[in-house]
Every structure is written in structure tokens, then in C-alpha cells.
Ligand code: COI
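Below you will find one chain, with nothing else, as C-alpha cells; this is the form predicted alone, and questions on how it binds or moves follow later.
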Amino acid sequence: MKIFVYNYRKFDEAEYFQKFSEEYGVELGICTDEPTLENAHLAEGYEYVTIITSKIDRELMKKFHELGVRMISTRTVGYDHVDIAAAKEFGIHVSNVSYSPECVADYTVMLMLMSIRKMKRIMQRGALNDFSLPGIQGKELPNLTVGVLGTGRIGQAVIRDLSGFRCKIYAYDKYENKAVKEHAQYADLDTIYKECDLITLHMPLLEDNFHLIGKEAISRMKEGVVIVNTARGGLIDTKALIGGIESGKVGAAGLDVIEDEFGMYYHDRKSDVLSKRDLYILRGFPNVVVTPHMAFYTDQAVSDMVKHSIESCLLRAEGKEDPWEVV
């Protein structure tokens, strides 16, 4: 079997692609760049293509279809960068991957603690030898009520971890999970907005939850609410969040994802002028921590992403059930 790999990263993925391609007897085609109309021809002769967080729009989907590509596997949990409607139109199957939920769960708790303990300001002051106390008094997690939006594998791991801090936990999801109820109480969004001191997001980005956290939702939240997002940037209306921070309604935020981040993260852009005004504004606040979509990034997660992408393609080729199938 042959799989063409775009976004091939030599510094972290290479060892796993070598390991699992040998294990499964897969021949790989390799391109270190993201897929584009200009390099799509490299996948000719390959029915299976694997990518990372690169935009696959209708035009590129059509090109892959013309080249004989039958399936695109994204080595990510989220797949909002892939035009699913176009995939259906051209009969191309799409799959994602799963990886250990612990990586994002760990990172989420870290951002929570950094936010409520005002760690950004503490570190900034420390770098200037300013060891004064005013303005950096934090809060303790056991005294807070936390709302977890989304109780999939990652949301469940976060809830499990939070239970060790002895804080009250509310959960929200369209589909309730029995295991979650051991540590959290399911509630509607109104209750969570009204009762929770801290809200963390763990949902995929879909049409019906785009800008779930917007101006109206923020207005219903507690004064000084802390918002953490390690899921997808589009779940939060960035301008509404900025307004909430400026008014004091939002007391702090920990953001590993932001809107319109495609083409920016995972590249060295330090000498570039980025057309991301909202990002600059967010990074300027003393009570906002912004990181470049790194919550997933552990050795275990990278191994899982490569392995599951290859396995997904193999299952499709063999006509077997694929647990990562999107369409």
C-alpha cells in the first residue's frame, strides 16, 4: 500500500513514520510542505494522502480527486480545515486521528492554574526583578466552580484531573457520559454561565457551535470569569472576548487556540508582520496567556497521530470499519 505524506516533519514525525510504515508494510511518498495546487501533483499515483492542519478547500479537493486520491487523513483530532462538503461532492473519504487525551488535559490544567494564579504577570515582573505583591494575588482551584464544555475523551480527562483539586464541576455536552457523573454534574449552558468561576472548552468546531462564547454568552457569565480554550479558536468570538477582558467581565483567559490561526502556527514568523491584530491585542493583556496551539504536543501524541493516520488508511483500503472515519 502507498500513502503520500504532506507536512512531513523530520524533527519529530520521521522516526514514527519510519517505524510504523515498516511495521505495516506501507510505502511512503514524502513532502515537507503543506499541500497546495502547485504541489498536489506529487500525490499522483497515491490513493491515500495524510496531512496536518492545512486548508483543503474545494479547489484543492477537486485537484486531488482528478489525481485519483480516494482518501485524506488528517493527523489531527480537529478537521475543520478540511472542506467536508467538497469531500462528499468528489467522493473522497476523510478521517482524523485520536491521541492520548492526557496531553491536552495536562496543558488545560496548566493554563487554568496559570490564569488563576496570575502567572504571566508574576513571570514578567520576575524578569525585571520586581518582586512586589500588589496585583498578583491569585485564587485557589478548590474554591472555584468549573464548567467543562464538551465531555469527550479530553473533557473526561480534564474532569478526572480536576476532581483531584476538590473543586465543584459542572459539565455540558449533547450526549451525557455515565463516567463523567462520578465527578461532575451535567447542566445546561445557562447554569454553567451563571454558576462557574472558570469555563474550559473541549468541543470540536461545528456549524452549530461557532462562536459559542460570544458577547451574549459572556454577558451571562459571572463577573471575573476565567475562560480557557484548548479546543478550537472558532468556539470563541475573539472580539467579544477582548471586549469582555477590557470591561473586566472576563478576569483572565488561557488560550492555546485562536480564530484564523491557519498558516501562522508551526512556522518561524518572528521577522514577519502578521495581519493578526486580535492576536497582538490578546497578547498585550497582563491577564491573558496565549500559546501557539501546543497543547497536543508530546512524544506520545505525535506517535499516536502518525500511527492512527496510517492505520486509518489501511482500514479503508481493506474495507474494514474505521473508528476515525469522518466521511
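Note that residue numbering follows the sequence shown and begins at 1. Computed from a predicted model, the values in this text were never measured in an experiment.
The same protein has a further form, the form predicted together with the named molecule, not shown here; the description that follows concerns it.
Colleague: Since the chain is shown here on its own, which stretch among 276-284, 25-33, 293-301, 63-71 would lie within 4.5 Å of the named molecule in the predicted complex, judged by heavy atoms?
Modeller: Looking at the partner contacts, the answer comes out as 293-301.
Colleague: Give a yes or no for residue 305: in the predicted complex, does one of its heavy atoms lie within 4.5 Å of a heavy atom belonging to the named molecule?
Modeller: Although the named molecule is absent here, residue 305 would touch it in the predicted complex, with heavy atoms inside 4.5 Å.
Colleague: Please tell me whether any heavy atom belonging to residue 76 falls inside 4.5 Å of a heavy atom of the named molecule, as the geometry stands in the predicted complex.
Modeller: Yes, contact at 4.5 Å.
Colleague: Considering non-hydrogen atoms and a 4.5 Å limit, does the named molecule approach residue 107 in the predicted complex?
Modeller: Answer no; every heavy atom of residue 107 is more than 4.5 Å from the named molecule in the predicted complex.
Colleague: Do residue 170 and the named molecule share at least one heavy atom pair within 4.5 Å in the predicted complex?
Modeller: It does not: once the named molecule is placed as it appears in the predicted complex, residue 170 has no heavy atom within 4.5 Å of it.
Colleague: Tell me, out of 40, 52, 288, 258, which residue has a non-hydrogen atom within 4.5 angstroms of the named molecule in the predicted complex.
Modeller: Exactly one residue meets the criterion: 52.
Colleague: Does any residue in 83-104 get within 4.5 Å of the named molecule in the predicted complex, counting heavy atoms only, and if so which ones?
Modeller: Heavy-atom contacts to the named molecule in the predicted complex: only 99.
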